[in-house]
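One chain comes next, on its own, written as structure tokens: the form predicted on its own.
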């Protein structure tokens, strides 16, 4: 586990985008797992800049999104299909046929979930998965209590999630109650994971995920079991970490560790 601390949201988004760019420069046909919500918007903004100004190429990339609201069509104002088009896909050169987002309007959700899992495998698995985190510690739509071995499926949203997402809808009652989401087990199969968080509201969830016990009550805590996870945090999101001074000390050491080019917190 590696913890990258930055002073501002813009700084942490640039750092996370650089990780994606490094991945694509090393493996142009990489498979990326993508997230929605307000947190990754800054990452996508920086990736667009890198594409336009520095020639970052997405022409061989395949993408899989984490989730989608059940009942929302592709063109609904709050669908994640539309979100991804507006905030990333319209502005880069990823082929449309290489973009995969769960369907919120399929006729057979069980069959679709099986197909989505199989399609990820057929594409070679996810090389780098970008994640946000909910205030209750959930990743994707894996709400507290979700199985840590869960696969892509339909999930009933928690009241907290519905309340948090109500700001994006005209009325709170317009927020869908169900979502189709990658499972925790699916996410853990990604080769690398980058979780990005900013703001005081995320501090308790970040502390629970990084330093708390591994528990289904905080599904992000399952990332402690992953071999290559990086947290990109601003100072507010990192504010409740008990070992913050240690993480800062490791980061200050910088490149040059005797066993690799990057110092990491070993767990």
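Everything numeric in this text was worked out from a predicted model, so none of it was measured. Positions refer to the first chain, counted from 1.
Not on display, but discussed next: the form predicted together with fructose -6-phosphate.
Only one of 221, 36, 229, 63 comes within 4.5 Å of fructose -6-phosphate in the predicted bound form through a heavy atom, and that residue is 36. Taking non-hydrogen atoms only, residue 42 never approaches fructose -6-phosphate to within 4.5 angstroms in the predicted bound form. In the predicted bound form, residue 134 approaches fructose -6-phosphate with a heavy atom inside 4.5 Å. Heavy atoms of residue 179 never reach within 4.5 Å of fructose -6-phosphate in the predicted bound form, leaving it off the interface. For residue 234, no non-hydrogen atom is located within 4.5 Å of fructose -6-phosphate in the predicted bound form, even though that partner is not displayed.
Stretch 137 to 145 is the answer when you ask which of 87 to 95, 106 to 114, 150 to 158, 137 to 145 has residues with heavy atoms within 4.5 Å of fructose -6-phosphate in the predicted bound form. Applying a 4.5 Å heavy atom cutoff to fructose -6-phosphate in the predicted bound form picks out 80 as the lone residue from 79 to 103.
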